[in-house]
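Below you'll find only one chain, the form predicted alone, shown as structure tokens.
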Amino acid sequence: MNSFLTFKKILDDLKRNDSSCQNKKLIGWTCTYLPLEILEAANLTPFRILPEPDTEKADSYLDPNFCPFIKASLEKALSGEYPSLSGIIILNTCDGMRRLFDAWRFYCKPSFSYFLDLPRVIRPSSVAFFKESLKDLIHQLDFYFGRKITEEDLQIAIERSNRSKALMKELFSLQGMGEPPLTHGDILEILSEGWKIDRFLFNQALEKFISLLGENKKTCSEAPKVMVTGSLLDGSALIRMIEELGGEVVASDLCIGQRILNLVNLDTDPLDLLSKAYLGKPPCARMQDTKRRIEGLKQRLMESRANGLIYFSLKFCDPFLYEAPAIEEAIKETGVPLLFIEGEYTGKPGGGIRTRIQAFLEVLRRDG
């Protein structure tokens, strides 16, 4: 049994013995710049929208040259496959997300829908603007769901979220532990379970799982060490492929992985702190500060001692495709080999991608 299945068994056992979160309403979300602590303070369970790769109906509603993830998300909504959602919150991550919100609200008519405006430039005025946007979100949640969100509610939610992030950081530090060894692919699959259940339950499962791992020794690997970045929204399939081909993923700069582990302080106004923490976290390509993103990637490469970087972008993902040349040029200057892959939102990478990764790993073995 691999490490993910061990964790899943622990989580399933806890679910069977805990009925406290079964009646909580689910709110669909798409972007990690959304402070989930606000939803949890309202006694709601955030549910990350990660649909299967199918766009048969959505192709009639959106341009064919649209992000395949966005079309897949609309496809699932049009097909009525989100009946358990009590609403959606979408951010202006890109123009495609704005169109997704318009189409979802118009054609699918969710009972609650909210479009959160997210600044691209990080300045004191941006933090103040984002704070006011979060205040309005809280007001709308209060009005619709009839539960007043207090400052104490926010503080408790932030504490639980910080606990999750601390446990996730510990989990990444334990990569290579266990038998069979815990891999990066295992960790991303474990983290994906946290996108759809109550945080308190998820934290319990993480604590139990980490205590089991702590009883084992770390396995040393001679495999080529790789870091992964880009617009991967469910990166476990690509990372599993890298691992199957003999590589070791030692770090990931993804919105589903290590980019989301920044803690929120609890010393002043919770909304002010949430605004600063979320805007100040390691940036993705939709933010203006490409220089800070490049420096962050270089730092992660150095810390993880990765031999190579794989940059994956979905087709028609304008923010990541736009920044790719700047990233390639900057990483080239460090001497670290980089493999750029542009792929579909397919759930499982195709044979062409497999061949390119295999060749890239062979180069890393030869040069290592």
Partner chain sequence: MVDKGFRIKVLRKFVHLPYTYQFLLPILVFLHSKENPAYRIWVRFLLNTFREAYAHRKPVVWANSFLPSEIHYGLDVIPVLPEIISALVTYLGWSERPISKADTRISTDLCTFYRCALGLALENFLPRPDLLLSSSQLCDGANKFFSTMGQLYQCPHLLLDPPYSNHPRSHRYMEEQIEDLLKQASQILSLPFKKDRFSLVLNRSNQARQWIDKINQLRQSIPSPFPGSEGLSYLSGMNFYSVGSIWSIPFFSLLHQEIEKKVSSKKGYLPKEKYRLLWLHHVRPYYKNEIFNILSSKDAAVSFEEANYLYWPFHDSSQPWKSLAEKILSNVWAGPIERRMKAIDEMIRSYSIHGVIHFSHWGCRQSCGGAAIIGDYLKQKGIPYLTLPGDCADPNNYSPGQTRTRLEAFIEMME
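Positions refer to the first chain, counted from 1. As the structure is a computational prediction, the values presented were derived from the model and not from experiment.
In what follows, reference is made to the form predicted together with its partner chain, a form of this protein that is not presented.
Contact check for residue 341: no non-hydrogen atom falls within 4.5 Å of its partner chain in the predicted complex. Within this chain, residue 245 is remote from the site of its partner chain in the predicted complex, having no heavy atom within 4.5 Å. Contact annotation for residue 119: at least one heavy atom lies within 4.5 Å of its partner chain in the predicted complex.
At a distance threshold of 4.5 angstroms between non-hydrogen atoms, residue 66 is in contact with its partner chain in the predicted complex. For a residue to qualify, one of its non-hydrogen atoms must sit within 4.5 Å of its partner chain in the predicted complex; all three of 99, 125 and 287 qualify. Contact annotation: its partner chain lies within 4.5 Å of heavy atoms from the stretch 316 to 324 in the predicted complex, the single such stretch among 303 to 311, 316 to 324, 25 to 33, 43 to 51.
Of the residues 151, 222, 95, 207, just one reaches its partner chain in the predicted complex with a heavy atom at 4.5 Å or closer; this is 95. Among 129, 112, 172, 195, the residue placing a heavy atom within 4.5 Å of its partner chain in the predicted complex is 129. Contacts between 36 to 60 and its partner chain, taken as any heavy atom within 4.5 Å in the predicted complex, involve only 60.
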